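In the structure tokens that follow, the same protein chain appears in two forms, which are kept apart as structure 1 and structure 2.
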Structure 1
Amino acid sequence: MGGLHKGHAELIKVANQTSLGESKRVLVSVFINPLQFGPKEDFESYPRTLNNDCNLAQKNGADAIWAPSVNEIFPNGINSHFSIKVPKHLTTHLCGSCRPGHFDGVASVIVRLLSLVKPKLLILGEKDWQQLVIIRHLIDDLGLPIHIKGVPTIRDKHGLALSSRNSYLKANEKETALHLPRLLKESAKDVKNGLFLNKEKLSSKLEKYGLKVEYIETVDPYQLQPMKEGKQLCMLAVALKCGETRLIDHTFLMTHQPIVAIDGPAGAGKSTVTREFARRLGLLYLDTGAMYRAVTWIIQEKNIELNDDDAIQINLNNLDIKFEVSPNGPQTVWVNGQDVSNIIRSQSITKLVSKVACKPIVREYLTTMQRRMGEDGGIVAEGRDIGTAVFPHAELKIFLTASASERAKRRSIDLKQRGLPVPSLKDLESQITERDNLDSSRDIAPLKKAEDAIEIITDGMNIEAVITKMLNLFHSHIPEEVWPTTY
């Protein structure tokens, strides 16, 4: 909305660093939207510094700056065009609770601007987190082909979050305002160290410094619903008045690094995309399916009967599974010092693995091993029951699936590339359907979509499209500020 500062400059720099092909152009829009100001808010006095905005945009690599008038965006007046109503659950808390209609105005003008510009990528700051979340939901609900990238909050050298409204602060108020980021930082550190967050105490401290608290809330970063700090990531958000200036800021409360649980049926391409997805986020890739295949291989290799629980238990007790990441190829799976990466993908293992996986002793042993590997977080785990049984408190759960016919085609290509025998597509599809039935009907940890998992149907999507979709979902739950994407 104008009054551009170093935070906006960072958005422009990120846009220039993002690869979209040779035709990429970076456009900065400046529009002070009357729809998002309440009756007693600062529409008339809001900073209007277009000349400075143009200089900052050009200096930081923008190809153009677009500053339309209200009449250009709303030719027949602001009340003569369709408006967007943001779902109530996204506006019940935080700024939505004390600025009625504000986010409806934001959403209405965003749709208008995007329909005129038709961008491929929209870069937004994470400082206005509620606004960013609402725009993500809006674009997703409308099915707009626009990728959103969030940029971490930019702060001055003292820690104050940059905002156009900071220009309202007097010299002594700027000093007072610094208590907000300082106390937020201390709260996040306390929670990380296992201490209880006392919001009333935090409010009292802020008020002691002359800051008038409007709200202090802890919410789910994706649905913006109240939650208590604990095992899962949550956002501590504060709005207050420093003098006459309204300030907002937030921090994210974490007790461990993020966990992503990716479930789905066999042959949905989980391993391929999950491996690359984990690499780009710098997270450990935990291929739980390979672990069950490894146990199946041991059972088959040693001719153990499936009903011989004693023999299976003995071999589990002596089982050593290791994953070795190769920078130029697939992950290597080692079992008791032997590379079994290819053999555990054979048809004989595939036919038997569901029966092995449903055995209580196998499931219990590997689930314990997987949870131990994920104690500190920082992993992407994929399998058939990761989000429901192994990591039910994962920060993000994805259910990755595809039709049986699509999975049969992919399986055929995979076997051919591995130099293994390739059955007919009809036979492969029958095997996949039978495997789905076995996995979804077993008594112990059956294949099913967790209630809070987000489904991605990958038919017709290439690998890069699926990874991009997953990265978008990741950062809609876990901000770049907390865990940036690495390339």
Structure 2
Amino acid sequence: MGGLHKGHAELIKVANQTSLGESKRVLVSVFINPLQFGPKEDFESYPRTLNNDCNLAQKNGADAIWAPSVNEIFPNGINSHFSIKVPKHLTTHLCGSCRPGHFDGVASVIVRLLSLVKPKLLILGEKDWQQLVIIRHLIDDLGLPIHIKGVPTIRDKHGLALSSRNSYLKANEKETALHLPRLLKESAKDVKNGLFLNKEKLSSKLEKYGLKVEYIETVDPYQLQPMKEGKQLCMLAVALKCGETRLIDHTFLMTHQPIVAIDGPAGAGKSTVTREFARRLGLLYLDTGAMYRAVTWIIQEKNIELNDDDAIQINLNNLDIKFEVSPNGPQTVWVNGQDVSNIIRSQSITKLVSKVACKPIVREYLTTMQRRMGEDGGIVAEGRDIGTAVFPHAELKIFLTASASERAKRRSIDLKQRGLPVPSLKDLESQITERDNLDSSRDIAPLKKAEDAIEIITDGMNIEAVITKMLNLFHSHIPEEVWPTTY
């Protein structure tokens, strides 16, 4: 909407850093959208600084600035065009609850702007988090071929989130306004240290400084529904009035770095895509299937009967089992000093593993180990029960699946590449189906889609398409501010 400042400059810089091919052009749009202002709001007084905006955009590397009139965006008048109604659940909280119709106005104009510009990539600030989330849902829902990228909030040296509306603040109000980011930062620190958030106390502290609180809410950052701070990433958002100026700001409450859980049946291509997904995001990669395979290998090596729980337990207690989790390559698995990474993929282990994985003592042992490895987060773990049992509080849960015939084809290619014997497709398909049945019918932590997992059916999708889809999901669930993209 113009009134450009360093926050917008950052968006332009990010646009320049993002590779989109040779013909990339960075366009800055400036449009003060009448549809998103309520009757008593500041449409008339909103900062109009087009000359300054042009200078700032050019200085920071924009190729063009586009400042259309209302008539250009809505020829024949605003009412002669379609308008968008944002689904209720996305607007019942935060700014949506106190600015009725605001996000409908934003969405209606965004769709017009996008249809006129047809950008490949849309860059938006995370400062207006609810707006960013709504636009993500909108683009997804309309199936527009546009990628969205969020950019963390830029603050001045005192911590105040930059906003065009900060220009309304009088000198003494600028000082007062700083209590908002300060107290938000303090709250995030408290939660990280295991303390509870007391919203009433936070509100009265803000009021004590003369700030008039409009809302203080904790919500799930993707669905924007109320949630209590706890193990899962949560957003604490505040709107208030400092004098006559309305300010919004937020912080993310978290006790660990993000965790991504990827589950799904045998041979859905989880390992390949998950490893690359982890590499691109700089997350640690944990292949829990390899752990069950390693335990199966030791049971087989030592000729232990599957019903001999005592022998299994003794071996688990004495097992020197190491999983070298690496941010780049495949996970190396060592058992009693031996690298078993390859041998655990053999047919004899594959045939036995699901029977071993049914055993409560094995599950308990490995689940504890996996939780310990993922304690601090910053990890993507793949398996069968990650989202349901190992990390039920994971920030993002994906259920990756494909038809049994597609999975058999992929398994056949995989075995060939590893130089291992390749059974017929028919045999592979029945092995896979048998393993699916065993995995999903066992009593403890069976294979099933977690309620809040997002399913991706990968039939007909190549590896890159699956990874892109997963990266998009990651970025829509986890703010750049929490886990920044590295260029």
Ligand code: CDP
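Under this definition, the rigid core comprises the largest set of C-alpha atoms superposing within 1.5 Å between the forms. These numbers were taken from a predicted model, which means no experiment stands behind them. Residue numbering: sequential along structure 1, first residue numbered 1.
If I had to pick the form predicted in complex with ligand CDP out of these two, would it be 1 or 2? Looking at both, the form predicted in complex with ligand CDP is number 2.
Relative to the superposed rigid core, does Lys416 relocate between structure 1 and structure 2 - that is, does its Cα move 2 Å or more? After core superposition, the C-alpha of Lys416 moves 2 Å or more between structure 1 and structure 2.
Rigid core superposed: Glu244 CA moves 2 Å or more between structure 1 and structure 2: For Glu244, whose C-alpha is compared between structure 1 and structure 2 after core superposition, the shift is less than 2 Å.
On a core-based superposition, does Tyr365 travel 2 Å or more at its Cα between structure 1 and structure 2? After core superposition, the C-alpha of Tyr365 moves 2 Å or more between structure 1 and structure 2.
Value in Å for the CA shift of Ser441 between structure 1 and structure 2, taken after the core is superposed: Its C-alpha position differs by 4.2 Å.
Value in Å for the CA shift of Asn318 between structure 1 and structure 2, taken after the core is superposed: Value for Asn318 between structure 1 and structure 2: 4.0 Å of C-alpha shift.
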